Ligand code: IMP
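The chain below stands alone, shown as structure tokens; this is the form predicted alone.
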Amino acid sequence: MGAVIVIDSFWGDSGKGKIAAWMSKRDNALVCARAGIGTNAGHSIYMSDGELIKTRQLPLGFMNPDTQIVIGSGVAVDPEVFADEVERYGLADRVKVDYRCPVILPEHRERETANAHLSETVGSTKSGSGAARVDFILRKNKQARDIDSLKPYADDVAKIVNEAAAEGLVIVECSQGTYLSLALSPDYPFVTSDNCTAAAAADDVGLNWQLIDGCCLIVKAVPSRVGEGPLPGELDPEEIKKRGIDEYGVVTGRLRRKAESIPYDMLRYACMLNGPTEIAVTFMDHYDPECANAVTPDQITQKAWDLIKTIEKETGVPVTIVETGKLFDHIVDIKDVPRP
């Protein structure tokens, strides 16, 4: 079947992990691979029983019990965060870490915390991911194979991913977003410490490009941004709370800045960079509360359908998935549904 890369179109916080987990479960993926920078971005899922599942290190594809989860060699691993998540969700027998992953050590977090530029100018999460990557580039950091607590999980993830993609479905779950890319965003220095595109995600997990079957681009119906940097059409914080669409970062707890509408010029550019084969529109309930918690196509409002059609017209890419609410079940598959 090949691999499908799940990537964010703007500044992250769009529900990539939730969509990747849903696709892993719907299509019974063999492997869900975590791409991205490190532990500087959180993925979360709310369950109907009230449980909140959230990770900073592991991909959420483990929601499907038959899916193996792996962390690609391009992802910085924090042994403490990794151990906590593995234990919390009972995943010791289902997770592998590429033995070449750079490691986030306490000194990396300390260096970032003490860095005024990261705190006051960039608005970094100060997870240590960037500092770890600096040391890795200088060829003086440790790798997963050097850390005793990670050795039991160390493996050749690139081999696992490519063999699985040749046989069945692999979901590549990225973090952050296209416009936070280090070398491609116009917003430097208000960016992360590497690129966050489909090509970068494939590189993070060592995926052969010939095994890529598709790219699902996540488009947040009401785009948001955490930290500093431009946000076209930014809403006032009080307006965000008044509309009841306030969100808070999984890692930082900060109120997410939100935009009035989708910047279509930027969306088209994100499509050019990532080459999506499909689009998932998320947080549709923030765009139109009338379709909140929809689980079937007939529950999607005309206002929401009009937005879907506009996105398809502007990008030339079909919208196949719509997320409508907080819970894991609040997702609608509209791949073959006629547009009203």
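In case it trips you up, residue 1 is the first one in the sequence shown, and so on. In this text the structure is predicted, and so the values were computed from the model without any measurement.
Although not depicted, the form predicted in complex with the named molecule is the subject of the following passage.
Figure note: of the listed segments 124 to 132, 262 to 270, 67 to 75, 146 to 154, the one touching the named molecule in the model of the complex, with heavy atoms no more than 4.5 Å away, is 124 to 132. The named molecule is not drawn, but in the model of the complex it has no heavy atom within 4.5 Å of L60.
The shortest heavy atom separation between E228 and the named molecule in the model of the complex is within 4.5 Å. Contact annotation: I218 falls outside 4.5 Å of the named molecule in the model of the complex, judged by heavy atom distances. Although the partner is absent here, T178 lies well away from the named molecule in the model of the complex, with no heavy atom inside 4.5 Å.
Only one of the listed residues (R88, R254, H117, K159) places a non-hydrogen atom within 4.5 angstroms of the named molecule in the model of the complex, and that residue is R254.
Residue A41 is the only one of A41, C32, A35, V281 with a heavy atom lying within 4.5 Å of the named molecule in the model of the complex.
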